[in-house]
Every structure is written in structure tokens, then in C-alpha cells.
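A single chain comes next, written as C-alpha cells; it is the form predicted alone.
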């Protein structure tokens, strides 16, 4: 047995071991699946950027069961410590460039190493699509957010701008209208959301809709205090925050498996992809709800399915 420690060199992912499972991605789905797989007795390796993934970039988490409030970094650290209690080899700050199939799977990484495994779980998550305007990056976590469910309560009795015109943006506006004093929905063209949602949005008295309007810059002094717009509304709009809801970009480019038009990996009921032995879980898949608790759950389910698959090899 290994005396596991993420910081110990002897517990680094080895290119000389044939693992039962190598997980690509070390966010909630990846770490959860690693814990479940290791407890099933599988030899497990993880290739990822940073343990916890995007959770590290979340200012606060108030909807993860067992934690009334925890910082994103705090929750990521809790995930990491749980994993540290098990025999798991990790390669941090490493990305997978491609996956090849011979008698076993070969994962070619950007550290010039090739790792081998009987099965692979892709749990690389997704990243929020950004507006790409000045101030967006500077005020991230200081009024700029990409998750209404996570950060919506921060705008209680405040003014918030929601950027986007799809279902997620309109649903966010409807939800935030219940707690915010004022909600602006800013979209560069016409709504793409379902008509029933748009009709409901137009009925809300504290929601103002600004179509054919683009956010040109996000401004503030320590925290967001306004946006500069162009188009139908050309000027400055005061706000306490900007919620960007213009979709997600799955981190699936390296994976040669079947995907939908958005780049999300298509999986079956057992998390199998179009290639037997390659599984996927979390935000990188067609799972519609991009939440920490959902990703962790999907990772656990995938690990159980992988264990059954290996038992039948």
C-alpha cells in the first residue's frame, strides 16, 4: 500500500504503471469519481490542472450540502484532503493532448509523458463563455459573476445586469427579480429563449429589457458600479453587478468522442461515451445542470459504472 500524499513524489502519476482508471480532470467530478473508484479497490490516477478545478475561482459557495457557507478555495481544499486519504496518483498542472487506443488506453500529456490505463474518465468540466470586454476580468468576483444559482443572493435588494438572451439568462433574470430591487437584461440581438419564459419576463415590474444593446466596458472602483453600453442604449448604466449568462465552452477539444453541436460529450445512462472504455462526467457532458454538487454526484455514478465495466473485462 502507498502512504498517500499529493505532495509526495512517490505518489506522482507514473508512466510505468497500467492503471485501472485514469481520470482527466481534477474538479468535483474528477475527485469524486477518484474517491469512489479507489474505495472500490481500483488503481486510480488523475491528470489535472489544479485540484478542485473551477471551484477554486468561486468566491463563495452557499448551496453545497453540509456547508452553510464556504469559500470556493475552502471547498476545493476539503475535496483535496478527502482524496489525500486514499491511494491515488496525481499529475497536477498537466493537460492531456490526446487519447489513443491500442490494447489499452494511452494518454499523451503536455509534459511529454504517456500514461496507460484500462479505462478513462473525462471530467475536464467547462468554462463560462466570456463577454471579452474591458473590466470583465478585473472585476471577476467583485461584481462580475457567471453563476446565478451560486451568486444570485449577493444581489439581494441591489441592482444587477444580466448579459444574455437564451434560456439561462432569462431564467436567471426571473429568479433574481424575486430578490433584487432592479434587474436589467442586456442582449445584443433578439431573445433566443423559449417564448413562455420571455412572456413571463416581460410581466415582471422590476425588470427592464435592453435588446440590441451591447456591454462595451464594465466599470467600478474596487467593486462594479456601472457598465458602458452601445447600441439601442448608448451610455452609462449604474449597477451593483454583472451576471454573464451567454453559455459554456466544454473542455472537450482533446477528446475524439461523439459530441453535440455545443461540444458537450454525449454519454449513455452509464456515463459511457461513443468509445467503449472511455467514460465522461460533469460539466463537460450533456448533463444540463452545471453545478458543483451535480458534478460530484455524476463523478460518483461514473466511478460505480466504471467499476462494473472493469469487473466484466
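Residue numbers count along the first chain shown, from 1. What you see is a predicted model, and the numbers here were worked out from it, not measured in a lab.
Another form, the form predicted in complex with another copy of the chain, is not on view; read the next lines as being about it.
Engineer: For the three residues 93, 95 and 223, which mark the spot I'm curious about, does each lie within 4.5 Å of another copy of the chain in the predicted complex through at least one heavy atom?
Structural biologist: Zero of three within 4.5 Å in the predicted complex.
Engineer: Counting any heavy atom within 4.5 Å as contact, can you tell me which stretch out of 98-106, 186-194, 132-140, 223-231 lines another copy of the chain in the predicted complex?
Structural biologist: Flagged stretch: 186-194.
Engineer: Using a 4.5 angstroms cut-off on non-hydrogen atoms, would residue 246 count as touching another copy of the chain in the predicted complex?
Structural biologist: The answer is no: residue 246 has no heavy atom within 4.5 Å of another copy of the chain.
Engineer: Taking another copy of the chain as it sits in the predicted complex, is residue 39 in contact with it (heavy atom to heavy atom, 4.5 Å or less)?
Structural biologist: So residue 39 counts as contacting another copy of the chain.
Engineer: Spell out, yes or no, whether the shortest heavy atom distance between residue 280 and another copy of the chain in the predicted complex is within 4.5 Å.
Structural biologist: Flag for residue 280 set to no.
Engineer: Determine whether any heavy atom of residue 256 comes within 4.5 Å of a heavy atom of another copy of the chain in the predicted complex, and answer yes or no.
Structural biologist: No, residue 256 is distant from the partner.
Engineer: So which residues in 265-295, when you check another copy of the chain in the predicted complex, have a heavy atom no farther than 4.5 Å from it?
Structural biologist: The stretch 265-295, when checked against another copy of the chain in the predicted complex, contributes 287, 289, 291, 293, 294 at the 4.5 Å heavy-atom cut-off.
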